[in-house]
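Here you get one chain, nothing else, as structure tokens; it is the form predicted on its own.
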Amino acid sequence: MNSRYMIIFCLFFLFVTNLSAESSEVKDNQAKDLVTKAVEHWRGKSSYMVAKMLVWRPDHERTLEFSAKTRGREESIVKFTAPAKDAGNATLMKKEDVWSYSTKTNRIIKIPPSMKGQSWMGSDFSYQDLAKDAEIIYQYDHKIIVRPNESNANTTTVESIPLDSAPVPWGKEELDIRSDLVISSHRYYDQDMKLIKTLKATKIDFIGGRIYPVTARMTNEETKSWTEIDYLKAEFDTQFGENEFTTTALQKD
């Protein structure tokens, strides 16, 4: 191959390589944009929820009731209202920080990062599950791995890999996102890429003026225990006072 053809070949190779890199970047941006929209659909600009939570174990089950408020992508507060022994217990999440209040001890404690993966109120949800609603947008790399097709025209699957600096225990997460932005399934894998737990929307309906996963079940794939949350009431884009998402608010009724 003479030098002229060698130059043309090199230029063509560089063009194709750059085009492939740009195409990959566009796809990654599409994946991140889809995850962002799905999270924003779930939270709204703000939200107020009333829900029941059923914690199922092979030898027993328990039911709790709570209310939850969210504002923006990084503020949430959950307060339990039943049963009586748990009423008043609360959890506050602001960005990466989590605080918990117990009526039994009348103390507010900050949850250290090492404990965020532990069970929240004895359920199959962890503090990290509650706290990272927006973290999955910023602290993960996203890639579309399954696009809608004839057999599944409604759902896109996104693979989310944590950044090296992300304070999460997972090796990867996968989200099935419907065309209406409802996350129908969310799978969590450990560092060995073993499926550990799955959050699945078992009932999707209208609530608070939008289509929503009104019943969602988190299943521990190792023990087959599960926790199911039923949303009974929802209001989106509501206004909250400045003190609604503070540690002081944890102790208020």
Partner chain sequence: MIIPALSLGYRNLYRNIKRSIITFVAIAFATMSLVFFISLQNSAYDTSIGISTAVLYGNIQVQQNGFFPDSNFNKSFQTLEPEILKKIKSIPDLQALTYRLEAFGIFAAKEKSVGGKIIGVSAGTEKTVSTVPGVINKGAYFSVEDSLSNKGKAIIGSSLAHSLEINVGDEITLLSKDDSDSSVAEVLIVKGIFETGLKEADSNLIFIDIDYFREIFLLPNKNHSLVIKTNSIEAVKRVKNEISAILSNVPELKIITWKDLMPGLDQAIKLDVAISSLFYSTLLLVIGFTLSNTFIMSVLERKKEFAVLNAIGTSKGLLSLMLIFEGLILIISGVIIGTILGCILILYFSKTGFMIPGSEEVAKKLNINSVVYPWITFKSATLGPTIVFLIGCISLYLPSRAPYKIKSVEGIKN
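These numbers come from a predicted model, not from an experiment. Positions refer to the first chain, counted from 1.
Keep in mind that the form predicted in complex with the partner chain is missing from the display, and what follows is about it.
None of K45, R57, K194, K203 but one reaches within 4.5 angstroms of the partner chain in the predicted bound form through a heavy atom, and that residue is R57. Residue in contact with the partner chain in the predicted bound form (any heavy atom within 4.5 Å), chosen from L181, M121, A166, I144: M121. At the 4.5 Å threshold, heavy atoms of I111 reach the partner chain in the predicted bound form.
Although the partner is absent from this view, R62 contacts the partner chain in the predicted bound form, with a non-hydrogen atom inside 4.5 angstroms. Taking the partner from elsewhere, K85 is found to have a heavy atom lying within 4.5 Å of the partner chain in the predicted bound form. For R107, a non-hydrogen atom is located within 4.5 Å of the partner chain in the predicted bound form, even though that partner is not displayed. Only one segment in the set 135-143, 156-164, 69-77, 97-105 has any non-hydrogen atom within 4.5 angstroms of the partner chain in the predicted bound form, and it is 97-105.
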